[in-house]
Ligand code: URA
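Form predicted on its own, single chain, as structure tokens, below.
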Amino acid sequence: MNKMSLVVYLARAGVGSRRACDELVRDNRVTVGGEIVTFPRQETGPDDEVAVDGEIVVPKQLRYVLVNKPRGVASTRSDPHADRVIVDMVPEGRTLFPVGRLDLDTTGLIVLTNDGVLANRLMHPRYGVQKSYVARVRGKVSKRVLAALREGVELEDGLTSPAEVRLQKQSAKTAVLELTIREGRKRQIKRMLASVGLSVEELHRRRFGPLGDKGLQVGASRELSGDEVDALRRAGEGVRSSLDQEVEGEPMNLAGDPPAGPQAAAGDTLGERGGL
């Protein structure tokens, strides 16, 4: 391992985002070789003993992979009832763990990582990490239904937090909705829509915190960049992410829609802690 700044060292050890690690150093909570360090950019190497609040931390080879899960793939490390599991979709994926779950028939974004600290932060409801979905539902979507979802609906496990909801399309028999929530209850989107009389035909998670599915076809995966990982860490710490700065691409086609044009992507079809 080459030398790196102290905040990078701490971030790679899974302590937190670089910003959070910077604050730890400035709060005199980090020692190198038993001595308190107050300069976050101090060079640190493999032979240095680094501790936070007296506990030694060591960088490890952390991986972060974004997967656009297809239908029929279980978002777990093993499932005897599924033909495929998501960790088999990436090279050496058996060393990784999925952050949250999606149902077998739901497609969309899941992060795979071996960074347990970050995974727990992203899944814990109190951090309020945003997740956005596109759903095709059967039936008419009234203003009353939209208002109810935006206010929060009563489920068997309690009242949901208000959701951001936008009606994208309404046809004679079906509608397309985009919903953004900050919770991660089991099958939450499907249960929310069922509570207002809407049956889900297709469901796709298009955003997970600061990450979007633009350019990542259903069934594809990619390693996250350092900046994306740091944005995830900030999201997991409840800090406002770079979501507002990202320019959205064109709305994706659903499986039941005709292609939008000759260059429409063939793979653009609908595809938590409990699964959705």
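Sequential numbering from 1, following the sequence displayed. Small disclaimer: the values here were computed from a predicted structure and weren't measured.
Beyond what is shown, the protein has a form predicted in complex with the ligand; the following relates to that form.
Student: The chain here is shown without the ligand. Which stretch in 103-111, 80-88, 158-166, 144-152 comes within 4.5 angstroms of it in the model of the complex, by heavy atom distance?
Tutor: This holds for exactly one stretch, 103-111.
Student: Can you work out whether R136 and the ligand are in contact in the model of the complex, taking contact to mean some heavy atom pair no more than 4.5 Å apart?
Tutor: Contact check for R136: no, nothing within 4.5 Å of the ligand in the model of the complex.
Student: So in the model of the complex, does K190 come within 4.5 Å of the ligand, heavy atom to heavy atom?
Tutor: Close contact exists here: in the model of the complex, K190 approaches the ligand to within 4.5 Å, heavy atoms only.
Student: Answer for L203 alone: is it within 4.5 Å of the ligand in the model of the complex, judged on heavy atom distances?
Tutor: Result yes; L203 sits at the interface with the ligand in the model of the complex.
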